[in-house]
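The form predicted on its own is given below as one chain in structure tokens.
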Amino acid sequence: MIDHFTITVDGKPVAAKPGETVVRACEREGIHIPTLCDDKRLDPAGACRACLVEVDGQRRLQPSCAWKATPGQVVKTHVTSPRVQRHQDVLVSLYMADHKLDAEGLPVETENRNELRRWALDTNPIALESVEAPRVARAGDTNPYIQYNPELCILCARCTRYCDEIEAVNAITLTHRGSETTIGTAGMRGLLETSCELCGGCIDTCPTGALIEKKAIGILPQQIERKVRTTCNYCGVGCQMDLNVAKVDGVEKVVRVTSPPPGETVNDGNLCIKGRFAYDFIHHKDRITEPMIRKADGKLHAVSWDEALKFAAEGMKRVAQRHGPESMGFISSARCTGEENFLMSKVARAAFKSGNVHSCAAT
């Protein structure tokens, strides 16, 4: 059974795998095909029509996000097909006619980026009369994390598909019909009154910034100075996340947390409510940022990690010598990794000869 074959894209050979879509094969080869409704984590929808390409033997343009590659297939993108380029120019214009624009006549930049804006810069939009779509948001949604701006929504359904296919909670869906279609909930309730887990995945997948994080309002993508990859410390799964650092009042601060791209880490681009939103402790005034030891004066003093570890080890050895190993108990945490919990068990059993070791995950 073959594990790969070749298709031709814009006159160049591209390796593809059985069952793979055209857009995935092109993506791996560095060939850019614009998309708005596509997300690696979701089943192909072909809803936004941005990724249409010309396929030899097909009368109509086909959505590359859903069209399967086959051996010997010949594909033309907007780079070599005037037909595809005309389609993109008109499609971008239609989206912009139903979208909030800035003073330059471009889709507005948002705190959560706007892929439609970047696409508009790569095309030649036609000036169309703006459309007043009566889409509405959920009035009085008091949830603390997620804000929906209907004037930026293109109804690509990435957020609702994510809520269904990844989180399996179906808290949001496309509601109403025609020009009144919007992202709603049962009875248009606030998210706190639904099955929503406030994971923020809808923010992560939204291509236009119609969904943004309330805590990061006002911080645009160009203000992010750097991203720091780290491991979430709320449980032992080991999810990776990117700390977005920007200067606020002249001071560098973590202003939002984002997930790495799908396919790169164990969490596949997903985060839970704690990993994505619970980062306020980083800059809390009461946060302890260095080890401390209570010395003879009865006060806590900052020390080096080496001194703190030595102090703790000597104290534990004194207890074991004075009262015996069975007098000691070792409690680990479900927030630690499996490796860290193993080391706690090894310290208890091998170093101190005590079987009194427990994890809060067992209670």
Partner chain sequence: MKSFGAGVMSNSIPEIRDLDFMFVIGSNTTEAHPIIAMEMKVARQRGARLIVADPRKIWLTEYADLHLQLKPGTDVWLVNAMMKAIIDEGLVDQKFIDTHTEGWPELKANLAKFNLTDAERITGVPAAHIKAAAVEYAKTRKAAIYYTLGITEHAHGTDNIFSLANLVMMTGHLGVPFGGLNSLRGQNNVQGATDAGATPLYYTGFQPAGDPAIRAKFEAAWKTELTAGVGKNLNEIMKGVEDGSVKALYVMGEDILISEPNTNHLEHGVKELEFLIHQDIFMNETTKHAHVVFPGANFAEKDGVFTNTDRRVQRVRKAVNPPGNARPDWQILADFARAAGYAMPHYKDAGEIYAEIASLAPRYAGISHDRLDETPMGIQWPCPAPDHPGTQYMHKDGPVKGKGTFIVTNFRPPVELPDKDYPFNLATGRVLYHYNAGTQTRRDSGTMAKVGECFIEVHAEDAKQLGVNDGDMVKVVSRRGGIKAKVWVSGRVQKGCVWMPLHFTEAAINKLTIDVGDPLAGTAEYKVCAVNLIPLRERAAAQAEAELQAVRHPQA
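What you see is a predicted model; the values in this text were computed from it and never measured. Residue numbers count along the first chain shown, from 1.
The next section is about a form of this same protein that is not shown, the form predicted in complex with its partner chain.
### Message
By the heavy atom within 4.5 Å rule, which residue out of D89, E109, D98, D268 makes contact with its partner chain in the predicted bound form?
### Response
Filtering the options by heavy-atom distance leaves D268.
### Query
Tell me, which of I126, V228, V131, V79 has a heavy atom within 4.5 angstroms of its partner chain in the predicted bound form?
None of the other options qualify; the answer is V228.
### Message
Partner absent here, but in the predicted bound form, which of 89 to 97, 274 to 282, 70 to 78, 203 to 211 has residues with a heavy atom within 4.5 Å of its partner chain?
### Response
Of the options given, it is 274 to 282.
### Message
Considering non-hydrogen atoms and a 4.5 Å limit, does its partner chain approach Q58 in the predicted bound form?
### Response
Taking the distances in the predicted bound form, the answer for Q58 is no, it never comes within 4.5 Å of its partner chain.
### Query
Is C153 close enough to its partner chain in the predicted bound form to count, meaning some heavy atom within 4.5 Å?
Result no; C153 lies far from its partner chain in the predicted bound form.
### its partner chain contact at E326 in the predicted bound form, heavy atom, 4.5 Å
E326: contacts its partner chain in the predicted bound form.
#### Entry: K12, heavy atom within 4.5 angstroms of its partner chain in the predicted bound form
K12: no contact with its partner chain in the predicted bound form.
### Message
With its partner chain taken in the predicted bound form, which residues across 280 to 306 come within 4.5 angstroms through any non-hydrogen atom?
### Response
The stretch touches the partner through D280, F281, I282, H283, H284, K285, D286, R287, I288, T289, E290, P291, M292, I293, R294, L300, W305.
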